[in-house]
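Same protein, same chain, two forms; see structure 1 and structure 2 below, as structure tokens.
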Structure 1
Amino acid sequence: MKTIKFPKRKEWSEILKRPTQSLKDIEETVNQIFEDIKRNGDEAVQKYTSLFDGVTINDLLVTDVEFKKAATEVSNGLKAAIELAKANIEKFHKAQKTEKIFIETTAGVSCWQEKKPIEKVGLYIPGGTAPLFSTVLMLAIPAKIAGCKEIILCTPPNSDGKIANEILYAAELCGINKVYKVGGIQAIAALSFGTDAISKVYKIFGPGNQYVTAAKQIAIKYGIAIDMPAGPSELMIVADNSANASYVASDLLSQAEHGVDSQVILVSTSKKIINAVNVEVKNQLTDLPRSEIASQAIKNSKSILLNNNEEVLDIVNEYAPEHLIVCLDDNDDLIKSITNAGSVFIGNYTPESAGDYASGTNHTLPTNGYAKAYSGVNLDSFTKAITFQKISKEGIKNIGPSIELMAEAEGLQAHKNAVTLRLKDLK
């Protein structure tokens, strides 16, 4: 990891650049695939699956036989681990349920808000170099708790045209039976337009590479909602001499192994901890099965030495990391002032991996600085709030004159008339 010492604030934006292509760089490719799938449906989906995944898929839908076989291939130990994670994720997301909000704003004027599930949702599960069955839990569980009626899961097949056993086991455990062997841009396009095999949805969820992220953003043009822009993984760690250097290095590498376009950043006011972590990264890297991928990501990553904790806080909020680990002698001061982060992990014994798998929080989070404006996936992501109002005779008498005056001031006579007619009848 490259160490940058005491950079000036005007240099921060350049230092903090993500190693990703802009939407403009890949938008043309995404648009071409979207148009093809809009016109040619499943035929185009199969064509791009063959082109990008190197496999021909005749039947996109996973069969009951494939579900049953997958369940027998997953070890009992892993099944128990997945079930534990499922239980914790369910607890945390069920706790996010809110009751109907009801209030009488003026005598005779009743207003309330109710949460309703989004009826049709599409879940995208990355499956390239690492089939992320944990993401099945993170998306399917809140979708089920919210009460979504139709839940469709898309994930890329491997070179044998199959879906990872763990993904199928997790999907079935969560009650998802519509699983399709399709990934990448073609999956997002199919969910956006609908094909003979794959139903159109109202909202698409899930992380992915730069192309999947771009496809989700382009899906918005066609009236499809998305959870957030969630692209290549990223992690920022704030540490001082109270941090365990080997733990910090392991956390950095845990995100670096996601993909060559991942980015990890260490920020500290201590040269000692930066040096110790850099040594640990080199030592641990050689033992990783995915060391080649992690090594490429590390090249895009940095250790930043700053003057004081004020600068540390400012650079965190400027970067707005997907994942933020805070490991300081006094964590509280920094934690209470963080405004931009997807998910925060506090202390020596809170690895980012816990949030990825089993603590209960959701790991589908905004990347590329979008944590400045977006939340991670939560129960509300799968619902929409509908407001209601009911006004009695007394109520329209109380607020009617104000409505008349406001409508007239805006030059909207019909708006005023809608109230005036009622008030006349009540005289």
Structure 2
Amino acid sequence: MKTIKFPKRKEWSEILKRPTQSLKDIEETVNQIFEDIKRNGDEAVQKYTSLFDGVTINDLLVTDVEFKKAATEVSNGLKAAIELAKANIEKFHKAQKTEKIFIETTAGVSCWQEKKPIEKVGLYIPGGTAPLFSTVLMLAIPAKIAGCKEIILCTPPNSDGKIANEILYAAELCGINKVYKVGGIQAIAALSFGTDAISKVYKIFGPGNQYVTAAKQIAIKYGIAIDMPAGPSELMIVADNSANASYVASDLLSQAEHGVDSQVILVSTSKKIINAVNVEVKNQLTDLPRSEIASQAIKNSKSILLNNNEEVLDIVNEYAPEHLIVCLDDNDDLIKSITNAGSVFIGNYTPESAGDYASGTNHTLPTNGYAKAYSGVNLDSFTKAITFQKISKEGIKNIGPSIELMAEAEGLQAHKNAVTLRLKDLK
């Protein structure tokens, strides 16, 4: 890790710059595949699955037999772990339920807001080297709590045409039975338009590689909502001498092993802890199976030494990290002033891994500084708020004259007239 000592504020934005991810080169490819799937449906989906995943899939939908077989092949220990994680994620997301909000704003004017589930949602789970069954939990559990009627899960098949047992087990455990063996651009396009096999959805959730990210952006153009824009995963750690250097190093490495483009930043007012963490990172790195990926990510990462806690707070809020670990002698002062972050982990015994898997919080979070404007996935991500109003005769008498004046001032006579007609009858 490169250490940067006491940078001036005007240098911060350069230091905090993330590697830009250009999707322009692949946009044309994505557009073509979207058009093809819009026209040719499942046939095109199967064509691209052969092309990109190297396997011919006749039945995209995972069968009951496959679900049952998968369940027998997951160890009991892992099943219990998944169930504990599920219970915690359920508790935290159930607690996010909001009641109907009702208020009489003026006598006779009743207004309320109700959250309703988004009826049809698509969950995308990446394939690749590791089966990310934890993401199944993070998306399926709030979708179920919200009450989404149709929940469709797409995930790419391996070269044998199979889905990882853990993904199928987690899906079934969450009550998802529509799992399709389709990944990449073709999955997002199928969810956007609908095919004979796969229903069109209203909103698409989930992480993915640059092709999936680009495809989700194109989906927006076709009127589909998405959870949030995506970028490489990242972690910022704020530590002082009360932090355990070995733990801090292990957290930095857990983020670094995600990919060579992972972002890892350590911020401190203590030179001592920065040095100690750097030594620990080197020691721990050698033993990791993914050490090549992690060491590449660590090479691009930074330790930043700052003058005081005020600077620490400001740099956190300027960076707006996806994950933020805070390990200070006094955490409370900083915590209460954080305005921009995805998810915050506090103290020596709160590794990022906890939130990635089992503490209950969601791990689908805004990267790339999007935490300045976006929330991580939460229960509300699967609902929309509808407003209602009911006005009595008395109510329209109370607010009608104001509406008439305002509508007239905006030059909208028919808006005024809708009120005038009613008021006239009530005289």
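Just so we're on the same page, rigid core means the largest C-alpha set that superposes within 1.5 Å between forms. Computed from a prediction, not measured in an experiment: that's the story for all the values here. All residue numbers here follow the sequence of structure 1, with the first residue given the number 1.
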Lone-chain pair; form predicted in complex with a further copy of the same chain identified as structure 2
C-alpha of residue 160 off by 2 Å or more between structures 1 and 2 on rigid core
yes
Core superposed first: is there a CA shift of 2 Å or greater at residue 212 between structures 1 and 2? yes
On a core-based superposition, does residue 142 travel 2 Å or more at its Cα between structures 1 and 2? no
For residue 187, the CA shift between structures 1 and 2 after fitting the core, in Å, is 2.3
Superposed on rigid core, residue 50 CA travels between structures 1 and 2 a distance in Å of 4.1
